[in-house]
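Presented below, as structure tokens, is a lone chain in the form predicted alone.
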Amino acid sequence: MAASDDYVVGVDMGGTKILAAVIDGKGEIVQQAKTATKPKKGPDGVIKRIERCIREAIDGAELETSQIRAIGIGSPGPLDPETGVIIFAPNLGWSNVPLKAKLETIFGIPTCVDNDVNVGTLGEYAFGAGQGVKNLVGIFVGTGIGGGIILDGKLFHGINKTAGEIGHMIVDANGPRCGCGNFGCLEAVASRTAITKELQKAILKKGQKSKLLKLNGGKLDQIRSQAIAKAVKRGDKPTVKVMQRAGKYLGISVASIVHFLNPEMIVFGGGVIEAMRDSLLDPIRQAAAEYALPTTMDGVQIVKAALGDNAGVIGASVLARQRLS
């Protein structure tokens, strides 16, 4: 067991923001810092911003850099977790960026990098909803849909380091085209992007009456998860219908995952889940039970993530400790 003063830094890097946190041996956040990513500054500019964010968190914790044992980073991918090279990150405009090597040169501290959703799943496994289980799958529903797989307490990457692309499981071969080019991917029917498109079609093209327009500040180009949740709570028919459809497809994906891996737990996180809570988890559970083979769902828990926005930094800290050991 790590001591409470056994410090590492966890970093959650996204297309819009960077969050860094000093985390002690008990998995508790001592201090954190946040800054905008500003990807237009290019890889070197963003890495300087990561550096400043990490130093701000360390200074805020009243520590010296020499007291930090390791740095863990969750980054958009695809990436190579062994070399720490970001192979391609479209939201950042990065291609073959050696993030691990650059940060180790800056700080002189062992650094490791993994996919951001993998890292979030690892955080939930170690200190969140997944504590006490050995095998779990994380599904994070936001602008897109990402997944992570933990088998026997370890992240599973697959031969090409791409395991966990749950958002690109095909759940409706005749469904809409996904951003990846295929048709009917889970991301194309159940992500916030897909939900927004369906709501726009129902309200703007079909003229269905809805409270959502008012709840979202009179606009439907970027629909907030909180606005969707409020519309569902008020029984708004178009929104309820669209979210039931999303829940059904997410439940179908759960049934497929259970058939293939039969994990102890499936953890749902991300902005859409955070906002909707049980109003989306319930239809997911119902659809999973409907589409799964008899008895395969026995003992499988479908739960909401517990760490919220901190899953990434906490998971990155767990990653750092695992790599050290």
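This structure is a prediction, so every number in the text was calculated from the model and none was measured. Note that residue numbering follows the sequence shown and begins at 1.
Note that the form predicted together with a further copy of the same chain isn't included here; everything after this is about it.
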Query - One stretch from 221-229, 134-142, 195-203, 119-127 that, in the model of the complex, holds residues within 4.5 Å of a further copy of the same chain by heavy atom - result: 134-142
Query raised in the report: Does each of I149, A163 and A173 have at least one heavy atom within 4.5 Å of a further copy of the same chain in the model of the complex?
Result: yes
Query - Of V240, M169, I109, V85, the one that lies within 4.5 Å of a further copy of the same chain in the model of the complex (heavy atoms) - result: M169
Requested in this report: Note which of E28, E290, E62, D44 lies within 4.5 Å of a further copy of the same chain in the model of the complex, where distance is taken over heavy atoms; exactly one does.
Outcome: E290
Query raised in the report: Can you check whether A101 is within 4.5 Å of a further copy of the same chain in the model of the complex, heavy atom basis?
Result: no
Requested in this report: Could you confirm whether L281 comes within 4.5 Å of a further copy of the same chain in the model of the complex, counting heavy atoms only?
Outcome: no
Query raised in the report: Does a further copy of the same chain come within 4.5 Å of any heavy atom of L261 in the model of the complex?
Result: yes
Query raised in the report: Might H157 be said to contact a further copy of the same chain in the model of the complex, defining contact as any heavy atom within 4.5 Å?
Result: yes
